[in-house]
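Take a look at this one chain, the form predicted alone, written out in structure tokens.
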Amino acid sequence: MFMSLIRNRRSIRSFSDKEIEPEKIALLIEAALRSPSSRSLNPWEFVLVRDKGMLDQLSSSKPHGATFLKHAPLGIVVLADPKKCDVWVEDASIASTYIQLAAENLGLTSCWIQIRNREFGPGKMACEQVADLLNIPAHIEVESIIAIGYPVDSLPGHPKESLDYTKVHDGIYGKNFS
């Protein structure tokens, strides 16, 4: 079941107007809160955004690669407290991935919007813009926004033949996996 899920999952940027059921949102949050965390420190936090006006504003928080968020019925902003864990980036990334896999499992689609280390505009970072819009405290970092919804279109999964097995090394670097 898991392999089928990851074989078919694609990043989708076109969402229908259909609202996401509250029970599905609850399951997405449960998946995020169950994501692995180094030393179980759980530095992540999440902001659920369903307000169309706020989704529209957040879609402008990064000049490239976020505009589709304004058409999503749900955005989950993934945050973390670096004071709680030195590997907060990894923990927040794992939580983001869990959200995406849970969405796929629930018949939803998603797309990751990278916020950390991305520019909003001259002199301002995307994470600062998101923090300003959502009233996020200064000590909390913004990792990503996951846009979620029901798809307008579906895309087939990437074929196995497109996987680059030259990136897999067997035992030592440079020895091909066969």
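Everything numeric in this text was worked out from a predicted model, so none of it was measured. All residue numbers are counted from 1 along the displayed sequence.
Only in words, not in the display: the form predicted together with a small molecule, which the text now covers.
Novice: Among 45-53, 127-135, 107-115, 22-30, which stretch sits within 4.5 Å of the small molecule in the model of the complex, heavy atoms only?
Specialist: Of the options given, it is 107-115.
Novice: Applying a 4.5 Å heavy atom distance criterion, does R10 contact the small molecule in the model of the complex?
Specialist: Answer yes; at least one heavy atom of R10 falls within 4.5 Å of the small molecule in the model of the complex.
Novice: May I ask you to state whether F120 is within 4.5 Å of the small molecule in the model of the complex, using heavy atom distances?
Specialist: No, F120 stays farther than 4.5 Å from the small molecule in the model of the complex.
Novice: Is P63 close to the small molecule in the model of the complex, meaning a heavy atom pair under 4.5 Å apart or at it?
Specialist: Close contact is absent here: in the model of the complex, P63 is far from the small molecule, nothing within 4.5 Å, heavy atoms only.
Novice: Would you classify H158 as touching the small molecule in the model of the complex, given a 4.5 Å non-hydrogen atom cut-off?
Specialist: Result yes; H158 sits at the interface with the small molecule in the model of the complex.
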